[in-house]
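This document starts with one chain, in the form predicted alone, laid out as structure tokens.
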């Protein structure tokens, strides 16, 4: 039987989260991070551990069938690959930063300046679109130190919390794009491998739904059931079960976690009691 070859980052911020996602999908992965390749024992998939900036090339050339990496690398490498879906982690932004003591007056600040980055294509596209004349200094790592050692006037890099910028005496001044981890595939994927990918996507979707939603149980007076069920529509409609105490029912539903926090006060006002919010392991819709 054919095996689907998936490339993931061998180390770095997306590596462990990619492996964790596959494990949450019920895919057994042998331990051993030093390997370049491993094979699942219960799903037709081979995992290749690669540098993230090499993944688009390997997928384009059919060395790997699919890959998980940051959108920023897909944009930067501009290879002939298809973005299939976002996978729910790895959120960051691509931003311009300058020394914290510099006075920033807008993007015209960067005219005739030198900017250090590992993403020259994305930066060049932005500068051309905005009519900026800049000198791009391409470096492969430790971009944050470039202004401090006199290599550049500013930097363009991925930012998650901004703590690395602060540690290096920099401040974020312009956000150019937002990025997160995505699954890409080869445009020439054979049908038998597409079928395996469809199975994997089904599992990924159930995992992502479970992360975004919570199972909620509460007790409520019967006269408030109609109003509460309007607040908690669920996947189709809430489950309502009578309690032993006359005039009360138990209401079960599924709700997005962000929505729950915005509705908790309304639920309490309507008389809801004993509210339980439970994580969902898998969610099939």
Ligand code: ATP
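Residue numbers count along the first chain shown, from 1. Quick caveat, the model's predicted, so the values are computed rather than measured.
There is another form of the same protein, the form predicted in complex with adenosine-5'-triphosphate (ATP); it is not shown, and what comes next is about it.
Participant: Taking adenosine-5'-triphosphate (ATP) as it sits in the predicted bound form, is residue 13 in contact with it (heavy atom to heavy atom, 4.5 Å or less)?
Facilitator: It does: once adenosine-5'-triphosphate (ATP) is placed as it appears in the predicted bound form, residue 13 has a heavy atom within 4.5 Å of it.
Participant: Within 4.5 Å, heavy atoms only: does residue 51 come near adenosine-5'-triphosphate (ATP) in the predicted bound form?
Facilitator: Residue 51: yes, in contact with adenosine-5'-triphosphate (ATP) in the predicted bound form.
Participant: Consider residue 107 of the chain shown here, and say whether it contacts adenosine-5'-triphosphate (ATP) in the predicted bound form, taking contact as heavy atoms within 4.5 Å.
Facilitator: No, no contact at 4.5 Å.
Participant: How about residue 90 - does it come within 4.5 Å of adenosine-5'-triphosphate (ATP) in the predicted bound form, if we only consider non-hydrogen atoms?
Facilitator: Output for residue 90 is yes: heavy atoms within 4.5 Å of adenosine-5'-triphosphate (ATP).
Participant: Based on heavy atom distances of at most 4.5 Å to adenosine-5'-triphosphate (ATP) in the predicted bound form, which listed stretch, 205-213, 184-192, 78-86, 91-99, is the contact stretch?
Facilitator: In the other structure, the partner sits against 91-99.
Participant: Can you confirm whether 112, 156 and 174, the three residues that make up this candidate site, all sit within 4.5 Å of adenosine-5'-triphosphate (ATP) in the predicted bound form, judged by heavy atoms?
Facilitator: No.
Participant: 130, 133, 160, 142: which sits within 4.5 Å of adenosine-5'-triphosphate (ATP) in the predicted bound form by any heavy atom?
Facilitator: Looking at the other structure, the residue within range turns out to be 160.
Participant: Counting only non-hydrogen atoms and a 4.5 Å cut-off, give the residues of 110-133 close to adenosine-5'-triphosphate (ATP) in the predicted bound form.
Facilitator: The one in contact is 119.
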